[in-house]
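In the structure tokens that follow, a single protein chain appears in two forms: structure 1, then structure 2.
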Structure 1
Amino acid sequence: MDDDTRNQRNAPALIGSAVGRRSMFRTAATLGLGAAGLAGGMGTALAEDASSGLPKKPYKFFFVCHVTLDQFFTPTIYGIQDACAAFGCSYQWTGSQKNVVSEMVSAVQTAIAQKADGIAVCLVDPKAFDAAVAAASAAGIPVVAFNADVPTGSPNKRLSYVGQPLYQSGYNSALKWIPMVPKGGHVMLSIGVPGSLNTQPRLDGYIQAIKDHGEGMTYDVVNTGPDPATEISRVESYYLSHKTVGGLFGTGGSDTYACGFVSNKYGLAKTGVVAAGFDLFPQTLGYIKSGDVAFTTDQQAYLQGFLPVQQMYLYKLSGGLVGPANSDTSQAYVTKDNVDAYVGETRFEGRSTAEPA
């Protein structure tokens, strides 16, 4: 059958479909419904024309993290896995175990050499990644920042950031705990790696909120280091030498856990000492249930894995027409009132490998 004959045979069906739709719109106009009013009624009629769905593509994406073994990123990895399964992609989780920036830059360069289809990276340093990201961009490889981002105005060529607005999240968190501390009280602010762009902006937000609303509040900043055991030791040491402290406030997951550990060990909540911070370590959630931690801030780690895959997949599939977009992964607070919703065996919080049903 030649093309002309085939087109003639298909013409009545095509014309009927077009006429049918024009007739429906004319009827809708007569009744004053408009096109929106047809959305439900035309759904079935137009189903024959609907797309069969987005294709699965064997793209390979590299995720470069600053603390690859940190339990915070367990739900992030699950988000990556679920997005890759949905879109037919694969991934490699790489970077540094202990926030060594040179190791992370090397991992980005390796991804470029292996012709990655996309790179997601925690931009924990304001300048160190600029050259590597520019090289990826020149090679046509999209780069998305997740969890940590370069400052506003940076020349870095990453296409988007997926995560919390970190300075604002620190400021807002401080606005919640400042009223819990007696007026003019003294507090400890902890940070695992000073200057690291995943936590330093939160600390800066804490300090600015104290200046704006602390009404005489004073503070010390404690460098707790990136290792959980060291963090507990340093927070505990600080408390034992500052027993009149009114609050212990972490800027990351493991130092917030350390604040909770010390609060629990010494019964600080019963004496009015407040502990709070960030992220959803299971231990921290347990301390919230027991009352040793007032609250923690959820930044939805699962989305920090899922959304970069989705963005890089669509960028590749569309030939760059669908560009990655900055995505705020929220600033929800976990307190004793809602903690039960977080402590179950759920993949979305990294406490179960089971796929959602």
Structure 2
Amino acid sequence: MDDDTRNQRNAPALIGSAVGRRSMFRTAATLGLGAAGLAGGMGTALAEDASSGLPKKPYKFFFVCHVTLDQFFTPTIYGIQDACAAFGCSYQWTGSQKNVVSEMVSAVQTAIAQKADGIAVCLVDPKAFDAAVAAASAAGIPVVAFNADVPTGSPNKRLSYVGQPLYQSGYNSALKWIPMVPKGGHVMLSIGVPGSLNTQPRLDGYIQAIKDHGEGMTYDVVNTGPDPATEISRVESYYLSHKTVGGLFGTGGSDTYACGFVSNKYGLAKTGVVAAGFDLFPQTLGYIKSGDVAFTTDQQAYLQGFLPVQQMYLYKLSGGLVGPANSDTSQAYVTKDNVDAYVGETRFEGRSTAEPA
């Protein structure tokens, strides 16, 4: 079942609920969603008079993450905090520190037992969450996937996915760097933990793009290991033993940093070797600024926190009328041209706790 089908599947339940046209309009007006739409329908409403704003509701949302301490999610947590402050809600950040799926499933079950008003979960396993999400759904708790999703066609009952389509983002990123590498060149693709459910699909996307558009390009996949120092050493070892390599491409934050480090140390950009990857390690941004890394992919972690809260809040407030919708957050590439906007102390990238003025 694809995402559209899944959303269509939810539609009868919404239509079937005993909500009349008038009460639908009333709810929509309360939500402030429909100033323009209502104006069209009623003909007289003015935007500035249409709503007194959304009410604050003390909903409690649970966020179940696969790597709760990972710095990537700092802006996600800020996004959650900001959305909760806007809507009067509260949240609990829970899950597993080290990608242990059983701990995450337990966290979802705990949230159901505590009568959560909504659960957002990183669906890092294609099957393991199906039963728990179905139980939440049966209990009337909306479940939104964030950061990682089940594959297309999964029977999982999550209502929407907010995040980067991982495989597609790898594919798209590769389409961006393939033309930068000389035709028939050889490249290194790195992965910190092979099989990891958030980086492996990106790697698969890289490989598929090489097969589709590489025109004779060859590649090696290097397991760079779980910590930055090991990752730097292994990328450096690879470069020293494969000096004709035309590109170093990471699939996660720290291995992309490692590719940048090696590119910088040996001045590879000047010799035409391309380095690129994912996420916004401050060091990676520095290497983009210095020209050692061509680009990195920003998956807008802030939105991965803000949007699930917003969607679950609206779902609860509207009694299910406003269904959560898929949101692709990975439309941004950071290059030398726009890197300055990312380098500053900004809450939206997690480098400052301060709210923007």
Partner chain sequence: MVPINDSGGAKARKVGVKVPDTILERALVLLSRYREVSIAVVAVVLVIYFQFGSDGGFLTAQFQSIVLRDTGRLGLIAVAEVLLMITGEIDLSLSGTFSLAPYIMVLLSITWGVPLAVGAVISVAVGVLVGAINGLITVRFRVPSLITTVGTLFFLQGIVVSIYNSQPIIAPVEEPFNAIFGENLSDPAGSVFSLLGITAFTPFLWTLLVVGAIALVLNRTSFGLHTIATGSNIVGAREIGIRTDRIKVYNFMIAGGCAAFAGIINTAQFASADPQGGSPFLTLQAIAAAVIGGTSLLGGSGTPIGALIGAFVVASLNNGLVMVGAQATVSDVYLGAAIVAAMILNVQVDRLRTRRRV
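Numbering runs along the sequence of structure 1, starting at 1. As the structure is a prediction and not an experimental result, all values here were calculated from the model. Between two forms, the rigid core is defined as the largest C-alpha subset superposing within 1.5 Å.
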Matching the form predicted alone against both blocks gives structure 1
Displaced residue check between structures 1 and 2: residue 169, CA, 2 Å or over, core reference: no
Using a rigid core alignment, state whether the CA of residue 183 is displaced by 2 Å or more between structures 1 and 2. yes
Given a superposition on the rigid core, I'd like a yes or no on whether residue 289 shifts its C-alpha by 2 Å or more between structures 1 and 2. yes
Give me the C-alpha shift of residue 196 between structures 1 and 2, core superposed, in Å. 3.7
Once you lay the two forms on top of each other by their rigid core, how far has the C-alpha of residue 264 moved between structures 1 and 2, in Å? 4.1
